[in-house]
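Before any questions on binding or motion, here is one chain by itself as structure tokens, the form predicted on its own.
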């Protein structure tokens, strides 16, 4: 079931190397992702977006601050409330499509019949019936990403983190995957926190865009996106919001040369 995500006062630094001072990456970061919404994070290169996702996923620890899932503090035991889709599709090469989708369900120790039924449902919903017995090396980039998304969603995480999941795809496949993701989201209403360098991508998908500053990163501006879906990328409203985000990023860049 989709859950809300709240970040309060999150900070992260890395130890100094040789004579350098410690590197402060995130500083007092605060934001809220409502349950069932898509929120994108936009920022300049090196602004700590991936570090933020890794902390939320439990792959790194913050120095200070807290993360709340449905207003309850996230602990190590609640790690499976979070699903993450990486930029590099990390499918297990020795497992078929069906077996890859089943990974999270196996970790949850679902009964065999329930597991098989859920995997069947995802294979059908994602249009993967013709590929269920194939291995990752036999699939196109778009199909591999579909399998990665299905694997992440199958256990039913409360929050889904996506770290530039479509950046390695060609333009046409990327557009197809954006439309596919929105169709899946429209049916399931998952809570998604999406990192991308592509402003159009963030506006096409999201209910809000969080623009973050260069290191040490904070939320510089929260931009609501209220256009009805599906969105017309050529519309005046879409391009006005695109210009607004570009202007914010330019100001942040000039203030932090």
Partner chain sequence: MLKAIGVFTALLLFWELFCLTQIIPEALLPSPPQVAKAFIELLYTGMPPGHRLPGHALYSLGRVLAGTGLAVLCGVPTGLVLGSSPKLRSLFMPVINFLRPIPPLAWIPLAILWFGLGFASAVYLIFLGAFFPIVLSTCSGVNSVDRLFVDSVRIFGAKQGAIWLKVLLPGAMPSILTGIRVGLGIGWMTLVAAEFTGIRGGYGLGYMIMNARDLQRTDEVMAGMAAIGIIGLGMEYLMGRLAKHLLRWQ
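Everything quoted here is computed from the prediction, not taken from an experiment. Residue numbers count along the first chain shown, from 1.
The discussion below concerns the form predicted in complex with its partner chain, not included here.
Asker: State the residue from 117, 176, 170, 88 whose non-hydrogen atoms include one within 4.5 Å of its partner chain in the model of the complex.
Answerer: Of the candidates 117, 176, 170, 88, 88 is the one lying within 4.5 Å of its partner chain in the model of the complex.
Asker: Looking at 184, 139, 103, 132, which has any heavy atom no more than 4.5 Å from its partner chain in the model of the complex?
Answerer: Result of the distance check: 103.
Asker: Is residue 57 a contact residue for its partner chain in the model of the complex, using a 4.5 Å heavy atom cut-off?
Answerer: Residue 57: yes, in contact with its partner chain in the model of the complex.
Asker: Taking its partner chain as it sits in the model of the complex, is residue 165 in contact with it (heavy atom to heavy atom, 4.5 Å or less)?
Answerer: So residue 165 does not count as contacting its partner chain.
Asker: Hey, in the model of the complex, does residue 123 get a heavy atom within 4.5 angstroms of its partner chain?
Answerer: Residue 123 lies outside the contact set for its partner chain.
Asker: Classify residue 146 as contacting or not contacting its partner chain in the model of the complex by the rule of any non-hydrogen atom within 4.5 angstroms, answering yes or no.
Answerer: Looking in the model of the complex, residue contacts with its partner chain do not include residue 146, since no heavy atom lies within 4.5 Å.
Asker: Can you tell me which of 35-43, 57-65, 188-196, 205-213 lies within 4.5 Å of its partner chain in the model of the complex, counting heavy atoms only?
Answerer: It is 57-65 that comes within 4.5 Å of the partner.
Asker: Looking at its partner chain in the model of the complex, which residues in 203-217 have at least one heavy atom within 4.5 Å of it?
Answerer: Nothing in the stretch sits within 4.5 Å of the partner.
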